[in-house]
Every structure is written in structure tokens, then in C-alpha cells.
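Consider the single chain below, provided in C-alpha cells and representing the form predicted on its own.
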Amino acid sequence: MIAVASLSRRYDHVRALEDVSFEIASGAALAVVGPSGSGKTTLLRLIAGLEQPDAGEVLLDGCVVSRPGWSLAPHRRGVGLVFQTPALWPHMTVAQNILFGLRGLPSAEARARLEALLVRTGLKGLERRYPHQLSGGQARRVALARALAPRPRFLLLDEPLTNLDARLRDDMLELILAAAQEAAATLLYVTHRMEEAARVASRVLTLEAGRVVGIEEP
């Protein structure tokens, strides 16, 4: 379960989020939509632990992980995070990027998990390439595989299909949905496309100027 309670965040005198509250049941999905500057990315970063709130709390499976002045480290939250851009380590190969999240596993188990992800994401044969040798769609798949590698309980995606063509968006979206279902992950999907929101989640939260203006079925 993901829950945020009266969450607020400001940058100097700019309100990014104001008194945002909602819950996502375990294994369920919520899409977040809204115009640029509405607070979508800030919300995701607060849940991931990349920022601390000025007010309110973030709870994961009923445990407080963020409050003003304190935040549990992102790597201790069981969160898989995919940004708008792939954000791959440029000095690491495809395989090394994916293995980065599996450092705590025995070598044989990590390798088996890597092989399964390479096949699942259509990256088999590309494992020795570096990010600059990949197409945009391939880099996005590596980022997704890296997020899925440790089998996160919570999957947070920040407009992961931006600037992809329609066919690749469809392929990536099917991959995301299948992976989330297989892992029984709780999914928060940030997008500005209502058609993506409708395919991903049964509920859509709309943000405007940092405030929730509605939570409804798409």
C-alpha cells in the first residue's frame, strides 16, 4: 500500500504540492495526470524518498517513511523508479546497469535474474553495449529492467514513454503492465496522456497547481 497524508512541498515561495492525500491498495495501480508544473514529479520524488516533505507523511505498507525533517533512504523503501529519461550509468554496460540493483544477491541468482530480464525486455544480445550505443527505446527498456531487477514492492514511473513513437509506446506499456502484475507491485504511474492513464489504472488522480482536483475512474 502507498499512502500520502496532507503532503506539502514548497521551493522558496513556490508551492509544488499542497495538502495532497490519497491511498493505493497493495497490488493496485493509480495514474497521476496534470499539466506541466502541477506537481506530478514532485509527488513521485517524495514517495521515492528523493526529497523530504515540508508537511504531511508518506507511508508504505503502513509504515511512515517520510515526514518533515526525516526520510527513509530510497534504497530501503523497496521502490523501483523509472524517470522521464533513462538515467543510465554511462560507464556501465546494459548488463552492469541492470545488475546494479542486484548487488545483495548471490552471483548465480543475480545472473539468472539478469538473463530473465534481458529476455523479458527484448534486450538479449545487447548486454555488452553501453548506453551511448543504444536507441532511445532500448535505453528505456534497460531503465525499466533495472527498476524491476530487485522485484520492488512499489513501482513508480514518471512519464516513462515520453518521446517514443506510438508503436513503441504500446510495446513498452504492455511490458510495464505485465511486469507489475507478475511482481504484484503497487504502481504509481505519472503521465500527461489520459489514454495511457486509462490503460494503466482503474483510478486517475488529477493535479493542478499542486492540489488534488479529482480522483475518478478514467
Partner chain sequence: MLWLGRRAGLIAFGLVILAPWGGLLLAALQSGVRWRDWLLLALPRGRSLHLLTSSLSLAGAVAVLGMSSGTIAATFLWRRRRLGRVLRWLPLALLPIPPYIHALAWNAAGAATGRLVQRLGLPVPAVDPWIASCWMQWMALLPLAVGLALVGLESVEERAVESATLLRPDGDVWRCIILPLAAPALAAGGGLLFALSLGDYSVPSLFGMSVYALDIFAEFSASGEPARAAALATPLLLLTGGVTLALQGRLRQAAQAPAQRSCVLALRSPLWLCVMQALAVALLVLQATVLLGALFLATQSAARFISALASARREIVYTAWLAALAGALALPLALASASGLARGGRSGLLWWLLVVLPLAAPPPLVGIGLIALYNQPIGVDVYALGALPVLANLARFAPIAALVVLAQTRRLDPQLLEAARLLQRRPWQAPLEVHLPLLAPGLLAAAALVFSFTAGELGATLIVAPPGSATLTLRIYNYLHYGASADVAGLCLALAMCALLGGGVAAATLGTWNRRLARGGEP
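Residue numbers count along the first chain shown, from 1. Remember, it's a predicted structure, so these values are computed and weren't measured experimentally.
One more form of this protein exists, namely the form predicted in complex with the partner chain; it is left out here, but the text below deals with it.
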For this session: Tell me, yes or no, whether Thr186 is in contact with the partner chain in the model of the complex, where a contact means a heavy atom of each within 4.5 Å.
Result: no
For this session: Classify Leu164 as contacting or not contacting the partner chain in the model of the complex by the rule of any non-hydrogen atom within 4.5 angstroms, answering yes or no.
Result: no
Exercise. Does Tyr130 reach the partner chain in the model of the complex, with heavy atoms at most 4.5 Å apart?
Worked result: no
Exercise. Might Leu114 be said to contact the partner chain in the model of the complex, defining contact as any heavy atom within 4.5 Å?
Worked result: no
Problem set entry | Contact check for Thr41, Gly49 and His75 against the partner chain in the model of the complex, heavy atom at 4.5 Å | yes
Exercise. If contact means any heavy atom within 4.5 Å, which of 82-90, 134-142, 121-129, 106-114 contacts the partner chain in the model of the complex?
Worked result: 82-90
